[in-house]
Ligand code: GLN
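One chain comes next, on its own, written out as structure tokens in the form predicted on its own.
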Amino acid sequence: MNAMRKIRDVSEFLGGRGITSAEREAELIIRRGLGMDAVTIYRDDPSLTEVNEEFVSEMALRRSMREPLQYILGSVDFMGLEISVGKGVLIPRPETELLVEQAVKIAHSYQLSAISKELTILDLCTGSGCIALALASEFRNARVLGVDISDDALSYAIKNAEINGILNASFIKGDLFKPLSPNLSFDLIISNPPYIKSGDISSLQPEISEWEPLNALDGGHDGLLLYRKTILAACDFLNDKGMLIFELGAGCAEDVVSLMKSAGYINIETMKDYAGIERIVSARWTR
């Protein structure tokens, strides 16, 4: 069977099982199965070998069971990095790229005011390490530390550092600040914490609720549990004029801003994503 026919067949198969972006996903599956880019497939319409057919059929079957396509393909692109993902680690989202972009702007500003100082960055709830590694890649002279409570997630983060040849990021296991020495301090603390309300998780798409790790999704009864803990504890680990930056769940910006104000942070700003949702919040800490 040729590639174009296979794309149509897989698209129909996935569409019949409720996959809304079936045609695009079918193309991605065929591309991975053949190890070819889209231009080559659409130009040459190559034939699939028996091995190719079996590989593609297996991937299509997994996807029909609502396993996330990113897990099936094994990696995602994030800020130009190849990020390996699989069961046990949260899949990086486009919104998190916006978080990194904003952090880069803030970090550049920080360096301009302290150019001789080595930039120090802490990424809490690091997961696959995508945030820590993107920042470490941008600031090759910075020291970046990622923390996560999950062994599975940390194994992916370490693997992703190796895949991308990033040497200035390291990862440790622990619950937020608990594994850190009290004498450590950072110019920038960044986090994409779990922010889904506990009661809302079961209503999410099955790709999320049945496959992605619960501890990377569940933000407690109101979705704010990790924000509260981090905002209060970060004060002890931020350098003077250091910045705290979060990705926000939809609808929680006002509450997080209020928590930051109550804790004494200044220069609090929020930023909307491309859908108009307040997605990023940043704040400065002064000693």
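So that there is no doubt, residue numbering starts at 1 and follows the sequence shown. These figures come from a predicted structure and were not determined experimentally.
From this point on, the text means the form predicted together with the named molecule, which you will not see here.
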Checked L180, L90, A103, L154 for heavy atoms within 4.5 Å of the named molecule in the predicted complex; positive is L90
Would you point out which of 92-100, 158-166, 138-146, 181-189 contains residues with a non-hydrogen atom within 4.5 Å of the named molecule in the predicted complex? 92-100
Though only this chain appears here, would L122 touch the named molecule in the predicted complex if you measure heavy atom gaps against 4.5 Å? no
Quick one: is C130 in contact with the named molecule in the predicted complex, heavy atoms, 4.5 Å cut-off? yes
Answer yes if any heavy atom of A107 is within 4.5 Å of a heavy atom of the named molecule in the predicted complex; otherwise answer no. no
In the predicted complex, is there a heavy atom of the named molecule that lies within 4.5 Å of any heavy atom of V76, even though the partner is absent here? no
What residues of 178-204, in sequence order, lie within 4.5 Å of the named molecule in the predicted complex by heavy atom? N192, P193, P194
